[in-house]
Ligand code: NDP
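This document starts with one chain, in the form predicted alone, laid out as structure tokens.
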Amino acid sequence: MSKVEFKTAYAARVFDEFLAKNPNQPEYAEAAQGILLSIEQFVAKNPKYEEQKLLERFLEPERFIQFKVVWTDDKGKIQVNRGFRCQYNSAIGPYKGGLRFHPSVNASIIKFLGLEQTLKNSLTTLPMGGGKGGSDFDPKGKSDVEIMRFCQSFMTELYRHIGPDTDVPAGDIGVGGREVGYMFGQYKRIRDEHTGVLTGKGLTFGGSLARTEATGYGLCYYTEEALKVILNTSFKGKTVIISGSGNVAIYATEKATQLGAKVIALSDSNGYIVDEEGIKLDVVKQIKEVERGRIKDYVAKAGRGKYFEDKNGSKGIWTVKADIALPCATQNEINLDSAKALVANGVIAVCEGANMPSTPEAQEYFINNNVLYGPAKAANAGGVATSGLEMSQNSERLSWTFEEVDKKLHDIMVNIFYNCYENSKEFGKNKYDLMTGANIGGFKKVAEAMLAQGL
């Protein structure tokens, strides 16, 4: 994280205090710094925030829970992992945010994700606070029974901290429908109640139609509106590169194609494929959703395209020439060099499907070079928005059609864009700076709710 100069003494003082309280937490510090830089001018115009120490209160999670998770593998050996839940802010509703199972998970990453989730949930306009959780458990290479044992042990501790009106987790990296099902089953056994305590559930026990597609579809709905309003264009006739090949990337590919674009590249952690004729999505779905294979298998199965092995994951994908880039893999996958490569190749828009996939330096480079930049907390809010719709259906004991959910999702994403756009026009560097608009739009609602509720 590079040191920056704040324009206001209040923001500078708050960040110095933050760093002193949170040493050796780089992801959390990077997220906090970026948000403070975006909102400091807005905060300066509202002296009540400094008087009530709103920034200090906002940058302190309401609750951070860490616990051990003990389970046995298929060889009968005892394994020990760490579990986390950050209940970041409940000013506008119950804590809401995913669970991530990945070896990289630590306190810093969970806090950063909880902070970002708070603003993202606020932007949806749905009554959801922000939270995040997970474990350093790696589901890759584990049997279904091992994953079930781990999920049951994880929920045996987590259950006491969550509930449909308290904290409603969902999936994230490493946590899909299988894991959610195992955790929901354990919660139900322990609490003897069938409630909407988790979202991303199967359709047979309270899940929502369109939830699988929601993040990828929502990303494209947001991007399409931004292209129309800011650049007076659309997906139609554009070439698109999308990093990742999981759930978000697959359904972003599907929707971008439906909107008239040609997706020419996808990736995974070992490399990327390029198919100038347009990715054959049915092949990708077979490889990733059915066979749980690697993206390199695409070339043989599709009978076309090229595979490029990449020891740095998908870094090379950003050198592929295209009109639009949709990073949908993981955080910090686009650094300054990648951003320069994209701009040099003529990219007109970069909108984020993953959580914070562009480094702060890359974000700045896009905005300063007149590239439409859609930040993750706004552009990928479709997943949590549809989770909120799932919560509503659970509360009503109703199930909406795919078309009903998709229409609500579309409207939410369009409204999120306009919230970002209107705030960016007043406080942003230029019309491409939707990051400033997203941070202010999300913060404003949370801050006012916090003030209204007292200390």
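One rule holds for the numbers: they count along the sequence shown, beginning at 1. These numbers come from a predicted model, not from an experiment.
One more form of this protein should be noted, the form predicted together with this ligand, which is absent from this view; the next part is about it.
Visitor: Just to confirm, N369 within 4.5 Å of this ligand in the model of the complex by heavy atoms?
Guide: It does not: once this ligand is placed as it appears in the model of the complex, N369 has no heavy atom within 4.5 Å of it.
Visitor: Evaluate E225 for contact with this ligand in the model of the complex, applying a 4.5 angstroms cut-off between non-hydrogen atoms, and reply yes or no.
Guide: E225 lies outside the contact set for this ligand.
Visitor: Quick check on D268: any heavy atom within 4.5 Å of this ligand in the model of the complex?
Guide: Yes - in the model of the complex, heavy atoms of D268 and this ligand come within 4.5 Å of each other.
Visitor: Evaluate S338 for contact with this ligand in the model of the complex, applying a 4.5 angstroms cut-off between non-hydrogen atoms, and reply yes or no.
Guide: Output for S338 is no: heavy atoms all beyond 4.5 Å of this ligand.
Visitor: Would this ligand be touched by all three of N247, S314 and C328 in the model of the complex, meaning a heavy atom each within 4.5 Å?
Guide: The answer is yes: all three residues contact the partner (heavy atom, 4.5 Å cut-off).
Visitor: To verify the annotation, which of these, L115, A354, I241, A256, has a non-hydrogen atom within 4.5 Å of this ligand in the model of the complex?
Guide: Here the answer is residue option A354.
Visitor: Just to confirm, with a 4.5 Å cut-off on non-hydrogen atoms, which of T215, N89, S208, S358 contacts this ligand in the model of the complex?
Guide: So the residue touching this ligand in the model of the complex, by this definition, is T215.
Visitor: This ligand isn't shown here, but in the model of the complex, which of 149-157, 68-76, 180-188, 268-276 has heavy atoms within 4.5 Å of it?
Guide: Of the stretches listed, the one contacting the partner is 268-276.
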